[in-house]
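For this one, two forms of the same chain are given in structure tokens, first as structure 1 and then as structure 2.
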Structure 1
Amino acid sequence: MTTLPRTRTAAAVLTCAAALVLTACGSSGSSESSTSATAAATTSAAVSSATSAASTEGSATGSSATSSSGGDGAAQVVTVTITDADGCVADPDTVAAGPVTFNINNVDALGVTEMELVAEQRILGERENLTPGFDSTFSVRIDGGSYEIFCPGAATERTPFTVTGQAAEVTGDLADLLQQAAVEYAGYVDDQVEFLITPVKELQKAIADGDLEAAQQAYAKARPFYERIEPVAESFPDLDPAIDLRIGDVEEGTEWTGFHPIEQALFEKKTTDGLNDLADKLVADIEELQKLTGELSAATIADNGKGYQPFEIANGASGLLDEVLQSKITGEEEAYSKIDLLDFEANVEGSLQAFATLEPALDQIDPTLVPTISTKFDDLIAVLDDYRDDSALGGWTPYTDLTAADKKKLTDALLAVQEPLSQIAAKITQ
């Protein structure tokens, strides 16, 4: 078992660590509800505002680039316009290898809420919450080759995107720090997937035994390990939907599998009947996730260009907070168990750990960035701590007990972190 990545010494990390232990030890009490969640009205606009604030400013110090035949230096900017008539249109659709920032704007496509950059069955960068009228951005550093811009639900869902040349090799102290960050993050992901296997198998056994209460407990125990690394799982386009699709996202004719149909049966229908096949498949899919993340980890250690990339870690840190804003603060993720704040804390923990691995490199790039983001994380965790409830399933206040004022307070604290955090991918790709 690998060790956890470098962690911050701030009180926030100690608090998160305590939460991690609490979760890993399981939860106490029980909570049952069946009412559907309501959305926080300000979320979509707030997300767009925060992610649009990402800057392409900043340059790496302590490093040098060599052998460039592409577009290294200032990030190239690609504008992706999403319309109902034409789907996703990239301008330009061909760029030179190196840092690239994608600025995305959904003009009027009601059926499109996300855009992904895909290569060889992996998602290298993405943005969600792209409802009509809203925009967002993300940054990557990519080599020459054939890519796809994927906009699920668009008139044309997949659009070719070409990168020419070869990205400059980044060397020096900063390159070493970024490689170390990738290795540390790989270890963190490996740990979370390994920890996830045990409660998922407990869930499988409880269902096989017909033990509803044990199954509910195991469900809540498993969820945080997945939620901490969700951007990594999402980088495998077929696997995340098999594991974590919500009922509202199931396409007609598609089988609904993974955590949430099990959640619906356990907490709404209050039965384990008929869940054996779903539980067996969930275990198999998690084991496949362990295999794939293990391969990524090995490639990262080998530093062969096929493992975790620093910009992926940065985008993942920001993406985890997007997940909170998109589905946890709205109560959509855990519609039946109401343990949304347990997922909320796990997303924040995962984001914080991803950020922590990048701190040494970020200190070289922009000495003001780490203290700013660290303070905002501390503030967010302090706000979240007000909602701990040891008597509730998962250890947090059930979503249905949150007031509109509670949701706004949590959203405001999230957005305060999201704005500066969304800048770091652009900075480390320079």
Structure 2
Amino acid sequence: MTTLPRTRTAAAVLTCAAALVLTACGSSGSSESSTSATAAATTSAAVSSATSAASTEGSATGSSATSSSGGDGAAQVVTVTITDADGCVADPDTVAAGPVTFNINNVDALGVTEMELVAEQRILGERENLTPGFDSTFSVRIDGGSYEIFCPGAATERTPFTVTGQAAEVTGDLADLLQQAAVEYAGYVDDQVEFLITPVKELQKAIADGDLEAAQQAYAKARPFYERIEPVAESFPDLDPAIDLRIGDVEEGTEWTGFHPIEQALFEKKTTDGLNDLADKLVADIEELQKLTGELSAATIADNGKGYQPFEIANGASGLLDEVLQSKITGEEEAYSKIDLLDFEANVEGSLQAFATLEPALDQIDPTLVPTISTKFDDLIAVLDDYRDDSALGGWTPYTDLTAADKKKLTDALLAVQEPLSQIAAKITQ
């Protein structure tokens, strides 16, 4: 079970990379995606199939088990009434194991925006965006045991909820799904670093050959692989600055190394002169990155607590969108090459992949969550797709051609994803 998803993911990314070389792995098909198909459909195809494969090994897992629970007609109904005076009250407060539908009515509790069904620290189901005067609902299949209904901000935040007996069908275990997510994500990072080495070495060679145009092409080819996994790279405090620091962040007395001094020479000074040492160091640093991420990956597979943690993957998904907001949408990242949209797309792609690995686990927590976030990802990718330009370096409209209205449109679509995405780390902690 541990190796299967990793292999599938790698295969998918390879296919993807081969098909589109530079960019757009996964997003190319998304403009056609429709209705409930998730934004992650193309990128996470491998992930989903891996999950399905895994589910044949034993208990039912992921979205299939959870989503079926609401539709088999046998669901018990629990009414949760949230009031300013009494907090959240469930009626009945005891049900038999199996599918349960919670109908929630926030009557007048102004400070309450969500309700969760929790067991100790684990969320089994939840509903957000509760608003006074409105009803909401969610369905979940629950096993026997003691639970709490948790309404943060209510007068009484927690009330006991009891489930008797045994569920007819056992749901997948969240911990297993999260471990699987971590392993899949480790595989994704390994692949990106591996793919990164090839264009970086091409860059090194083009510089050695004094071939400016080839060096520019190789630069644009390399960037997305790094940008997809930026939060991981940033977790190595010495390595990321050596690879990706921009000139304004270089402390006095420190040498400026990595991608960006090379970028400045290639695109502003338009020369490969004097870049050999920088290129050699970049290759060495990327190889060091590969070693370190390989160790992380091994630790993740060994599940020894030293590998990728699921909440870190969730934070990484949100963090990648921060990267876009802070340095791509502003045109600061690729100040000389103007390929900021290429980085933009790569950050989004990396975020989508991280999210996709968590999908089966998130589906267990709240079946409405993944479609909601995926739809926003879809919207973002659709907006981004308008700026593809095959004739431009990197395949995207140069940053300097964007109008203020373009940037606002992209920012709005980005914020719409990031807001719900920023909530998922808390949902998967246990």
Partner chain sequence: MTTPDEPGTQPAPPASGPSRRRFLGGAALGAAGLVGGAAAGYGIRATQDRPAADTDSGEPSSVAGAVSVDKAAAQVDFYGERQAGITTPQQERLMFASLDVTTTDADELQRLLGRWAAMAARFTQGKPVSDSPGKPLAPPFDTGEAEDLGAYSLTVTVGFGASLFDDRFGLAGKLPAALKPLGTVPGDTTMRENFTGGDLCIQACADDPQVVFHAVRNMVRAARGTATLRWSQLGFGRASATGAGQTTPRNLMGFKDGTNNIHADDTAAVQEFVWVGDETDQQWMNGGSYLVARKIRMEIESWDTDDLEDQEKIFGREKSSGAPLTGGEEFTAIDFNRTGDDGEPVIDINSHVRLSSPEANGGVRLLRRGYNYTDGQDPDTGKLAAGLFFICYQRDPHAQFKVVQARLGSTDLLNEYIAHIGGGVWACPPGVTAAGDWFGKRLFTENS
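So that the term is clear: the rigid core is the largest set of C-alpha atoms that superpose within 1.5 Å between two forms. Residue numbering: sequential along structure 1, first residue numbered 1. Quantities reported herein were computed from a predicted structural model and do not represent experimental measurements.
A.B. asks: Of these two copies of the chain, point out the form predicted on its own.
C.D. replies: Comparing the pair, one sees that structure 1 is the form predicted on its own and the remaining one is not.
A.B. asks: Superposing on the rigid core, is the Cα displacement of residue 128 between structures 1 and 2 2 Å or more?
C.D. replies: Yes: residue 128 shifts by at least 2 Å between structures 1 and 2.
A.B. asks: Using the core for the fit, does the CA position of residue 147 change by 2 Å or more between structures 1 and 2?
C.D. replies: Shift of 2 Å or more: yes.
A.B. asks: Superposing on the rigid core, do we see a C-alpha displacement of 2 Å or more at residue 106 between structures 1 and 2?
C.D. replies: It does, since the residue 106 C-alpha is displaced 2 Å or more between structures 1 and 2 after the core fit.
A.B. asks: Determine, in Å, the CA shift of residue 81 between structures 1 and 2 after the rigid core is used for superposition.
C.D. replies: On core superposition, this C-alpha lies 36.4 Å from its counterpart.
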